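Only one chain is included here, represented as structure tokens and corresponding to the form predicted alone.
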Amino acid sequence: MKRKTIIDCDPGIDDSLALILALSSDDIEVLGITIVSGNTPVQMGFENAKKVLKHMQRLDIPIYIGAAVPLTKDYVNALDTHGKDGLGESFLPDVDGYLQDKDAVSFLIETLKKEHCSVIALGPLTNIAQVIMKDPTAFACIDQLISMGGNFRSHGNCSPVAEYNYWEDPDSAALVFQYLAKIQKQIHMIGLDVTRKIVLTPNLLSYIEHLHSYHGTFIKQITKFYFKFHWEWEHIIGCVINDPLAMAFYIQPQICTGFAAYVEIVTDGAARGQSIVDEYGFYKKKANAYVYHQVDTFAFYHLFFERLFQCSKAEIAYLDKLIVKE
């Protein structure tokens, strides 16, 4: 049975790879894609999502435009990381039209109250927070809420302590975590502790091109800029692909391991966006999150390659020789 899913994202290079993974998975039914400002301004994210859907020949899936700015903070894009077009300066042809008659938050509220579905949030949590503000009963209907965001023991990627999605709109992230505590539900936090271990290296990219020239050409186009950025800023030969891990976790939860804990998000000051994880129960509050801190890198890449490229056992066996594990 297919699992009904809404993907809330800010495409973005790694968001695009996560979308490709979802759309290559027969056990996932993507009801819609909602766009939030984050890596890219919301209109650019909308255009990029259309490009991915065109590549996947899935323009039947609706895309809804959501929040253009964070709840209270000034918007700061991540085009320095993702390129001027948000897709690694691939400058792929635009896809005309496709504008829906409702916004992302309206779609989320309507769908969550009607369908038993999960939400995979790959960007700032602005759209999700607005659902709480407008119709908290709809938010409570979410089956699973998975967020690529935050960090536990790993350092930040936009400040010493903060991951970008939660730093970009800390007020929305804080509201979501606070409301989850109120209704005694948990978010699955796929943070930098695990996503940093998922590195697309040059040898893996070459293998992708060998296995599947159609996807390989597309992935190479959008990640070339990403490779350059990671070398200049982090001295990584390859690029960290954060968002596909959140999608892979949704498909195969045993890929990541972690623990339940109470988490709060700092909204201001030098620690803006930091996810404070009460690992030892200092606050004596019930867990509002599952915090993941370990990942099976081999299992992730097995899933990624099997879903996208329909690899044989022999091809998967060769893949293991190419994976660099920290």
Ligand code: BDR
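Numbering starts at 1 and runs along the sequence shown. Note that the coordinates shown come from a computational prediction; the quantities given were computed from them, not determined experimentally.
Just so you know, the form predicted together with this ligand exists too; it's not on screen, but the next bit is about it.
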| item | value |
| --- | --- |
| Interface segment, criterion being heavy atoms within 4.5 Å of this ligand in the predicted complex, picked from 239 to 247, 68 to 76, 99 to 107, 215 to 223 | 239 to 247 |
| I120, heavy atom within 4.5 angstroms of this ligand in the predicted complex | no |
| Proximity of S275 to this ligand in the predicted complex, heavy atoms at 4.5 Å | no |
| is_contact(N157, this ligand) in the predicted complex, heavy atom dist at most 4.5 Å | yes |
| In the predicted complex, M148 touching this ligand (heavy atom, 4.5 Å) | yes |
| Position in contact with this ligand when the complex is considered in the predicted complex, options Y164, F139, F177, Y207, heavy atoms within 4.5 Å | Y164 |
| Position in contact with this ligand when the complex is considered in the predicted complex, options L200, I132, L192, C256, heavy atoms within 4.5 Å | L192 |
| Heavy atom within 4.5 Å of this ligand in the predicted complex - qualifying residues of 75 to 96 | H82 |
